[in-house]
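Quick heads-up: it's one chain on its own, the form predicted on its own, in structure tokens.
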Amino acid sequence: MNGQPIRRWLDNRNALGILFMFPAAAILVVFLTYPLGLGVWLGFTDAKVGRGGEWIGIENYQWLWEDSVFRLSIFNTFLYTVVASVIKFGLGLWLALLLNRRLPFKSFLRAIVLLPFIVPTVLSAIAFWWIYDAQFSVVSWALVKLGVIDEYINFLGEPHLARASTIAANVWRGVPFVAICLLAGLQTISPTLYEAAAIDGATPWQQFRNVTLPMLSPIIAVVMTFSVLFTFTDFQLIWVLTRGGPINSTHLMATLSFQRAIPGGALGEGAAIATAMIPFLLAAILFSYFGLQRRRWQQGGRDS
């Protein structure tokens, strides 16, 4: 008799679902919700390293809005995210279409394509740091030997070149993720759709535009959402390569937040910068979420 309530509770699908979700929810609360809440709280204080802060309201945000370096970091973050994400999507889609064909050593090629993504970010950044080195750059050496340039290029010492160089490093690392995910989506498209389109006289471009893209839309939405989130919050690559230099030209909001909070000791200010990233991240997530709710995305057709 005493076990009847427990048995009925376990027979309830909703209750059982909650029970199974509890361990994961507890981990999220401890390692995600609490740090996030603490960061938001610190953003409204004047906390410093080594001492607790007092509540100062929105003073940190008011001061940051007047800070030219913070405004520059917002510009850099959006430039870095948009340009890198667009290039990663284009190259990733091209690679996915290529790897979806019948190629010799296809499994080996897929493994090679994935390598840049599975290599630790810091190791990738160190490799690019040597590639971009002002004195020992292999790129500059090759261009000098070919007679294209007369002297070595200071990739990380000039603002525009530094931005382009960090974007190139991020693209090299992020393309495999996009390519492999889109390749998985391509393999779920039934070949009969292409056969039917070919019978109707559709050209390869028409097949791609009217069959491949609509069927891939849900996968593209999810993959690009993750790609934008990963790029927007990138820290390791930039910090190892440039530390935000030269003259703050590659500072992202994530790197500036770390610099102000840890080396600079202003925990409240750094937390405020990190908190200011949340609305942009939520906007990217909501854009993808509401897009996926539409039947046009889910079924590759028009909204009904």
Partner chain sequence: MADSEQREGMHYLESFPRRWVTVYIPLLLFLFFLLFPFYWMGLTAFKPNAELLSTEGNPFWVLEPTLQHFRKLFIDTSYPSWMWNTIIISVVSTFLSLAASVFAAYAIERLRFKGSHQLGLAIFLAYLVPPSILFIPLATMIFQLGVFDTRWALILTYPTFLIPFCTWLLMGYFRSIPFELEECALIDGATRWQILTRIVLPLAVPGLISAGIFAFTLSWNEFIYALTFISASENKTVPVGVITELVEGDVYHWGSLMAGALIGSLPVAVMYSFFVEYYVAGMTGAVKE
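For the two forms, the rigid core is made up of the largest set of C-alpha atoms that agree within 1.5 Å on superposition. Numbering follows the first chain given and starts at 1. Values in this document were obtained by computation on a predicted structure and should not be read as measured data.
Keep in mind that the form predicted together with the partner chain is missing from the display, and what follows is about it.
Annotation: in the model of the complex, residues R101, F258 and I262 each come within 4.5 Å of the partner chain through at least one heavy atom. For the residues I247, L38, I58, V69, the 4.5 Å heavy atom test against the partner chain in the model of the complex is passed only by L38. Among V144, L213, L79, L109, the residue placing a heavy atom within 4.5 Å of the partner chain in the model of the complex is L109. Of the heavy atoms in A198, some are within 4.5 Å of the partner chain in the model of the complex.
Taking non-hydrogen atoms only, F128 approaches the partner chain to within 4.5 angstroms in the model of the complex.
In the model of the complex, the partner chain sits beyond 4.5 Å of every heavy atom of A283. In the model of the complex, at least one heavy atom of Q236 sits within 4.5 Å of the partner chain. Interface residues of 28 to 50, taken as those with a heavy atom within 4.5 Å of the partner chain in the model of the complex (partner not displayed): L28, V30, F31, L32, Y34, P35, L36, L38, G39, L42, in sequence order.
After superposition on the rigid core, the Cα of L282 moves by less than 2 Å between this form and the one not shown. With a cut-off of 2 Å and the rigid core superposed, I247 has a Cα displacement that falls short of the cut-off between this form and the one not shown. In the core-superposed comparison between this form and the one not shown, V49 has its Cα shifted by less than 2 Å.
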